[in-house]
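A single chain, nothing else alongside it, follows as structure tokens in the form predicted on its own.
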């Protein structure tokens, strides 16, 4: 175990190796069963409400794209294999949903019978949903560990896989809710309930929904797997606390608390969203920043041992460990030497990150494919008159673009809140 609690990255996944892992076949069977069950649900939806179903699938699939990009970019320095990201997403989309939909309904019925129908009506979604769904989603991260343990090298990996499981669950559940609301409206194959569901559950609530909850639980599983220097009781306790935090955040989000306390209208709805969603969002952002910085220190430290400015300069060492500084370096290259230089700096950064991973495996960093790629991009940058991928000063164009984007985002948010009428 390194001082930063980051293990050297493993080599890529080999299909032949996976076939020899029993857990791989168990996970594959569960994915197949879950896909079959959700295909039956989709078939009923398409038969009853074809236009609404297709619209819901398209809208929420489009919403998944920026979430996927952001989550997959969280671990820039030691990127997760696409195959495992797909498995994590699929687990949330078909396994966790196919288990949670009937199990949550059954648990709500049990609450109504053991306590009261009134309690089930008010608190059923807050008590039953998180209890079933967070366990089902967390098992998706456990599945990734069982089939590809060597790929979980840091707590940040647990965050990424947990977020991907949550994203798959979030997209499919929202589609189910959208078409369910069409059925509840009783007006046939209409699109208005789909649009309203997309605005509320996708656009307004998506930032602090299942992707966020499962990322927190995934961090706990990552900690459990990695911190072998701690006692088993300590690691299990931390993992249980993380899953409990995901459950508590989910329960707060589903609870009827504040449903009538802030009045009606767009501002009241925004206030409820912030009060319920902002605390777990801030927590996971802090966690991601903390574990990302520790991982960045480890991998950038590997590159620092080269002391070769042809492969990475002192300025680039300061840039590589920060997403904001990497983006600033690309913008600076584009402003100084054009689009080709911006692309070259991005490719340089990716090659340097991959070289850091290879160094963590004990390989020679001065030779090989990664070093050759860095030199090619460096030669191109020199040819373009921009030899060093460092971040420049903040430009007025970037500041203006940031302000404009913020104004547009606020305007779109206000329109969405107004369209829902504060309901």
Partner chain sequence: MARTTRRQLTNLLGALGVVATLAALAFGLPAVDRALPNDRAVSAMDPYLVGAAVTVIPPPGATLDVSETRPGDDQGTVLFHLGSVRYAIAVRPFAGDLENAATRLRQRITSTSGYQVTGGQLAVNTAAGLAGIQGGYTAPGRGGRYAVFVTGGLTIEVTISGGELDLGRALPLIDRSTRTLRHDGRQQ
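Numbering follows the first chain given and starts at 1. These figures come from a predicted structure and were not determined experimentally.
This next part talks about the form predicted in complex with the partner chain, which is not shown.
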Can you tell me which of 168 to 176, 95 to 103, 329 to 337, 204 to 212 lies within 4.5 Å of the partner chain in the model of the complex, counting heavy atoms only?
95 to 103
Judged by heavy atoms and a 4.5 Å cut-off, are 120, 136 and 139 together in contact with the partner chain in the model of the complex?
yes
Does residue 196 make contact with the partner chain in the model of the complex, using a 4.5 Å heavy atom cut-off?
no
Please check if residue 30 has a heavy atom lying within 4.5 Å of any heavy atom of the partner chain in the model of the complex.
yes
is_contact(residue 26, the partner chain) in the model of the complex, heavy atom dist at most 4.5 Å
yes
Could you confirm whether residue 282 comes within 4.5 Å of the partner chain in the model of the complex, counting heavy atoms only?
no
In the model of the complex, the residue from 303, 132, 85, 239 that sits within 4.5 Å of the partner chain by heavy atoms
132
Quick one: from 146, 257, 251, 288, grab the residue that has a heavy atom within 4.5 Å of the partner chain in the model of the complex.
146
Across 184 to 206, the residues having a non-hydrogen atom within 4.5 Å of the partner chain in the model of the complex turn out to be 184, 185, 186, 187, 188
